[in-house]
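Heads up, the chain shows up twice below as structure tokens, two forms, tagged structure 1 and structure 2.
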Structure 1
């Protein structure tokens, strides 16, 4: 950490303090915890883009996967489901899926019995299709059954939320592995569109698989790793205090996670691994010529970044106590993170953290500021005898999208390397 970094973080602290004076301890404590989760997510993107030069437009997908994991792990068990035929039907689905997998894998090995080229491709297509049909023949009735019974969905596992976060990371890693296998090594634009596609598909799945996620019906309330405000109230704490105390405790947990991650990433990036990653990013052809296995290293880094996003996404859902698949938007959950990283400084971990904390508060405050501005304007128009602005509320809340766009444009133009730039080497 150099002086510039310290000054920026000092200013950031003041920014939060001033916001706290205006908006009260309960609200600012909520924003702070959320901002910490976003810092974790931005670190994940920094690893992928800042260190690895890998474009990821599918952050939203990782966040949703993380949120789903947190929900499934920590939500109480649904006894009605386990008492029904649901588990048995799902068992059949698993068997069908396994049979399908065997078919696909077998077709992939067809060359061993002398089937090659076009014939093998044909066989593989048939195998994929057959596997799909077998799977659909089992999953469709199972889904129909589960959604028709009183159980409605499979429920959670009733385990500790932290396990949910870990599982969120694991699940995000699995998804990242598949994306990486398919699209790493392709040119940047293809990676961008492939990741945007995957994240949209994940959104469609999670939104529509009511039996698994309860879809747009949403799941709540979720448990916290620390006592929740409602738990504290039950213990006799005043309502106003309970929010602050609960959130501060949550903040502590997340801060520990973030500090640990930051420490590990900083160490790794300062060492030989980081040097290798920079070499690959800045000139992957030369790195490949020097005998580095570029593609596996990139896959590694893509997965690693996605794990952090999964954990961050899980933490956000836990904090909000509700998993609402309908609330995920590319603007709020993908582009916002990009703005954080670009403004903060891609390639610098402190920059990523700073960008996340700074942009998140600005993003949330610009909402309030726009409300204030628009209400004032509307009232003034009314007093002037003109009609006021219709739907002031919903319109002004869109103001922050505009502000975000202006911020990233200005950043690209005037501080292309971010406020806390990478210290190793300049890229465009």
Structure 2
């Protein structure tokens, strides 16, 4: 960490301290924990874009997958579901899916028995169609039964929330593998379009699969890896103090996770793996000519970045204690992450963390600051005999986008490589 980085992080610490004085310890502790989760997500994007040059615009999909995983693992068991015929029906669905997978894989290996060319293609189309029919014949009755019973959905497993974070990273990695196998052969702009589309598909699936996620009905409350404010209140702690203490403890857990991830990523960045990824990013044709498997390495880095996004998405859902698929919006869960990385500095892990902490606090406080200014201006206009400003609250929320636009414009104008730009020093 060089002098420039230390200065910026010192200023950032002062920024948070001043915000805490004005807005109170409870609110600033909440924003601090949320900002740490976004720092994990920004690190994931930095691995994909800063290290590998992969233009991923499907961040929201990874966050939703992570949130779903945290909910599935940590939410209490639904006894009504397990006492019904739902598990048996879902077992039949799993068998049907396995049969379909075997058909598709077998069709893909048809060349081994002499079926090639158009005949193989035709056989593959037939196999996919048969697999779809077999799967749908089992999933539709199972879904109809589960949603019609008192259970309503399958529920969770009642395990520790940290296991939900781990599963969030694993599930996001699996989804990233599928996306990468489909999309990573595309150029940068086409890759961005493909990831946007796949992210919207994931959102539609999670939002409408009521039997699995409860959809727009939401799932709450989720457990914390540390005592929740309501648990601390039951132990005799005052309401205001319980929120501060609980969030500070959550902050400590998430800080340990972020520190461990940052250490590992920094080590990888300074070693041979990091040099190879930068070589592929800067000139993938030259890297391929040197014998590097470009597509496999890009898939690898795409998966690594998605793991961090899944963990960050799981941590956010755990903190908020609610999983609401309808609350995910591209401006909050994709565009904002890109702004964090661009302002902080792509290719620099410290820049990604700084950008996440700085931009998130600015994003959240700009609404309150705009309300304060608009209310003051409206009162002054009324005293002057002019009509006041209508719909102050909605106008203030819209000002956040303007303020963020100003921040990113200034950053691109005066520090186009970010406030903490990429630097490289080989590790012995």
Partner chain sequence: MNELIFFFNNVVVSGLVLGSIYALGAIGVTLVFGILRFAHFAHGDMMTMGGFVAFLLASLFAAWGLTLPVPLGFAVLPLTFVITAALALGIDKGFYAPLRARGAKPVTLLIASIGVTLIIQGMIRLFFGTGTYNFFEGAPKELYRIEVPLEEATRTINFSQPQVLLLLVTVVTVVALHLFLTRARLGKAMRAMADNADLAQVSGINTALVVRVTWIIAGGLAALAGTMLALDVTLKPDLAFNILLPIFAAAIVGGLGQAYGAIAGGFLIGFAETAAIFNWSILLRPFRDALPEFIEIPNNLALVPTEYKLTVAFIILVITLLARPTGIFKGAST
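Everything numeric in this text was worked out from a predicted model, so none of it was measured. If you superpose the two forms and keep the largest set of C-alpha atoms that fall within 1.5 Å, you have the rigid core. Residue numbers count along the first chain shown, from 1.
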Specify the structure that is the form predicted in complex with its partner chain; exactly one of the two qualifies. 1
Could you check whether the CA atom of residue 370 moves 2 Å or more between the two structures, using the rigid core for the fit? yes
Large Cα move at residue 405 between the two structures, threshold 2 Å, rigid core: yes
Any CA movement of 2 Å or more for residue 392 between the two structures, core superposed? yes
Give the rigid core superposed Cα shift of residue 379 between the two structures, in Å, rounded to one decimal. 4.9
